[in-house]
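First, one chain by itself: the form predicted alone, in structure tokens.
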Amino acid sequence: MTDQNNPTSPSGGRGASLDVCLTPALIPLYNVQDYIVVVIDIFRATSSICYGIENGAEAIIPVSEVEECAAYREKGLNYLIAAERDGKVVDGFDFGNSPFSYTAEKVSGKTVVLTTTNGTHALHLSRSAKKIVIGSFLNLTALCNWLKTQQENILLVCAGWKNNFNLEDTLFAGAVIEQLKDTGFILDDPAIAANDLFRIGKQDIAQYLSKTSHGERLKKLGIEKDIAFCLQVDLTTAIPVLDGEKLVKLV
């Protein structure tokens, strides 16, 4: 039964908070330890993580800094190291965060160490959460179906771009809210705004997001195919979850 003195206390998924953190810079405003956190970085980190875990990666280890990632090469184990900054693969690394680098042929049975400009930053700032899972359009329905079964407050953390708001992560948060809003969650104002954005753009998400600043950055790098890939809905069912230092498949 919901505690009548605390309307946001969870009860069978009802009465829990469903909140949206619009940029990592705002994470300190939330009591992250009270939430299940969903980290969102549509172009491209969380899309690639979902695809890699679906394709049999044993684990993906998110790290904040390029130097941390490079250090794994010295550990003597068979890690794949992946680093992206400003949309580009960092020199000397196996690959970056393009989903096309996370195929079964490349990652099945392997552990990938990954650092990105935005996504891994947002994840590390959220580490005090009750649980951290990874969301993308690729696993949208599987993720929402799982979230509906949880009896916890949920915080959707948009990775944004260098601590600024971005459109694609917020629109995805709105897509999650669209599936959850009628199941008894209490929405905060950013959640309502994100859902409104999704409802504006949902008829043609690719067209709506074609105007995004990060999309323009990726186009200038000649990787429009990554954008199209990341906007596919329900390509995967795997939900990556943080287990210690590693993202693994939720079972």
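What you are looking at is a predicted structure, and each value in this text was computed from that prediction instead of being measured. One rule holds for the numbers: they count along the sequence shown, beginning at 1.
Beyond what is shown, the protein has a form predicted in complex with another copy of the chain; the following relates to that form.
- Only one segment in the set 59-67, 31-39, 44-52, 191-199 has residues whose heavy atoms sit within 4.5 Å of another copy of the chain in the predicted complex; it is 191-199.
- The contact with another copy of the chain in the predicted complex, taken as any heavy atom within 4.5 Å, belongs to Asn163 out of Ser108, Asn163, Asn145, Gln151.
- Note on the partner interface in the predicted complex: the residue among Leu167, Leu140, Leu80, Val89 having a heavy atom within 4.5 angstroms of another copy of the chain is Leu167.
- The closest heavy atom approach of Leu22 to another copy of the chain in the predicted complex falls within 4.5 Å.
- Contact annotation for Ile205: none of its heavy atoms lies within 4.5 Å of another copy of the chain in the predicted complex.
- Residue contact check for Leu26: one or more of its heavy atoms lie within 4.5 Å of another copy of the chain in the predicted complex.
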